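This document starts with one chain, in the form predicted on its own, laid out as structure tokens.
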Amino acid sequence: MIANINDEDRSRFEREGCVLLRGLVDREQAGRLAAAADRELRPYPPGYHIVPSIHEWNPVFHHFVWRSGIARAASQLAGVDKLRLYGADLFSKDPGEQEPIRWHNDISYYPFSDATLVSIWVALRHVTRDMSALCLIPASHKWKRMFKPHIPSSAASVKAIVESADFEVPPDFADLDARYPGAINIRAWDMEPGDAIAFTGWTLHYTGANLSKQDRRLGYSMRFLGDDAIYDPRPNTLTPAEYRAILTPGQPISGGWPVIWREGGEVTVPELMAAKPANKYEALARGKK
């Protein structure tokens, strides 16, 4: 069950480029996702991990992405009647893991010169600021500046490729805030299971270390794309090779990423993959120029 988006949510999303959505996902559903995530993460050593496209083979995440109504919430925030699913990743940061993900905006990773791009990050367990909470710079989406992407060291197969993108490195806003308290308006919230943060593809965000001694920070992020996106197949973007063959540079997208929400219409729900791919990041890396 997905909670309704109200006028204040929409207004804040438009004004600040990010909004906290308390109880967007009911706790029971968040618990099922967390349990499924723990099962998927058993083979992984302790650390910081991103499991990309888990919804393609895991039935619990597949049902949530395609049948829970989460895409409808994204469409209400963006004010559009049609969205495509660009991607969805599970983020896990174990107790004591120090690696941060530096300030970045998602549009820099993706092959678009502009786009309606809405991310919804759902807390699957409780999250505090000391547990690597998601931090955002409100209204940074209005700057329309692409910053250098950042990939964690656990995704070494694409780290060097993506981070070689020729964009400016953003300031360390967290460090500036520590040196000049109150000078930087950073949004960060303690969250309960099922709480969510929605933000645009242009909004700067960051996560730090998980200082907890016992709690895993566990979140699930989905990215929804509007048909206004102009395809820009520049190097260093996360673009599967098969999409490069069917999309036309400089034109609005007309295929590739599947339609997940259409107001008043049906969408085609893809079937589950028979097995998890060996390494999704390696597949993405092979699709680079």
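Bear in mind the structure is a predicted one, so any value in this text is a computation, not a measurement. Sequential numbering from 1, following the sequence displayed.
Only in words, not in the display: the form predicted together with a small molecule, which the text now covers.
Only one listed stretch (168-176, 69-77, 141-149, 98-106) carries heavy atoms within 4.5 Å of the small molecule in the predicted complex, and that stretch is 98-106.
For the options 83, 118, 134, 127, the one in contact with the small molecule in the predicted complex, meaning a heavy atom within 4.5 Å, is 134.
For the candidate set 257, 261, 231, 48, a heavy atom within 4.5 Å of the small molecule in the predicted complex is found for exactly one residue, namely 48.
The candidate site formed by 55, 239 and 276 is entirely out of contact with the small molecule in the predicted complex, as no residue has a non-hydrogen atom within 4.5 angstroms of it. Contact between residue 205 and the small molecule in the predicted complex is found at the 4.5 Å heavy atom cutoff.
Among heavy atoms of residue 223, some come within 4.5 Å of the small molecule in the predicted complex.
Interface residue remark: residue 112 is not counted as part of the site for the small molecule in the predicted complex, having no heavy atom within 4.5 Å.
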